[in-house]
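Form predicted on its own, single chain, as structure tokens, below.
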């Protein structure tokens, strides 16, 4: 026995790269001829950007999009376009210009700074202008876009190849606000075209837009952006036009099995009292690993394929469950906290509804001690 061998994690994510690739294929097929930009911000939503990007790179993805420079710099070696979607700080520009990253232009001022750095380095820089059609966060307001973009397009060493925007409520199918955003975007495109300013890349559809607004996935739009749909998840509202597969399962181990008497009070706050003698399992995973506190006394975990109710409040490192549905369970058995198949599957959407949040937060919440295993 090798006593120096490091023990494996008690809690891990199993991420199916095959399902990830299949999801990309289905999205590509549904939006063709538009290209698909994979959004891999926040370490691919916490799933591990290196392996996720490598899996997608050979499957026809048009490029990658991230939120900020450090994320972008991790991906340039794959040889595909890498675009920053958010804002930029002037001190970040030397590295991003040198790396050949597609720069976001959210104002005339940052466009001037990008141009100046490009001139200093003797490089041409591809950039895309972000249009604020109603998100109210970043970008040039649609009403100001034509004169602003006219000035940006004339700056030296900039290749303004694209125009993009973002939907805040595209999960509501047929939402008039979203249709208004599409119309405003197209109006700016037409007005600029009349002045001879044209773009080779136009995109506004996010994952929700792909499912709910097909008009944002066809010409004049050339691309769509998707993040959470790649993982087989959807917003709780809206349609699910794409037939996608969940790519992840959160698993842990039973670290204790105990027979506790009736009247035993369970966990912090003593929020559950056993009504009868009960076989109780302790799972080596808690809210530090991504299990929502909202599962306390309400949710279930899968042990031996059976749904086992959570007893008491979930703690940082452990979760107690009733093993009455699975009396053969033993210490060391694998517990599926999230995932499974068929009617007993525990889904990201279910956790999001219990927590009164959206699936993005669930996927981004898995802790640092959760090992990522790619299958």
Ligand SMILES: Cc1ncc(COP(=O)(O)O)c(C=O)c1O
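Numbering follows the first chain given and starts at 1. Everything numeric here is computed off the predicted structure, so don't read it as measured data.
Not on display, but discussed next: the form predicted in complex with the named molecule.
Query raised in the report: Closest heavy atom of residue 166 to the named molecule in the model of the complex, within 4.5 Å or not?
Result: Residue 166 belongs to the contact set for the named molecule.
Query raised in the report: Looking in the model of the complex, any heavy atom of residue 227 within 4.5 Å of the named molecule?
Result: The answer is yes: residue 227 has a heavy atom within 4.5 Å of the named molecule.
Query - Distance check, residue 26 to the named molecule in the model of the complex, heavy atom within 4.5 Å - result: Although the named molecule is absent here, residue 26 would stay clear of it in the model of the complex, with no heavy atoms inside 4.5 Å.
Query raised in the report: With the cut-off set at 4.5 Å between non-hydrogen atoms, does residue 198 touch the named molecule in the model of the complex?
Result: Judged by the heavy-atom cut-off of 4.5 Å, residue 198 is well away from the named molecule in the model of the complex.
Query raised in the report: Taking the partner as it appears in the model of the complex, which of 241-249, 174-182, 293-301, 129-137 has residues with heavy atoms within 4.5 Å of the named molecule?
Result: It is 129-137 that comes within 4.5 Å of the partner.
Query raised in the report: Thinking of 41, 45 and 85 as one candidate spot, does the named molecule come within 4.5 Å of a heavy atom in every one of them in the model of the complex?
Result: Spot residues vs the named molecule: full contact, yes.
Requested in this report: Just give me the single entry in 115, 206, 96, 212 that has a non-hydrogen atom within 4.5 angstroms of the named molecule in the model of the complex.
Outcome: Contact with the named molecule in the model of the complex is made by 206 alone.
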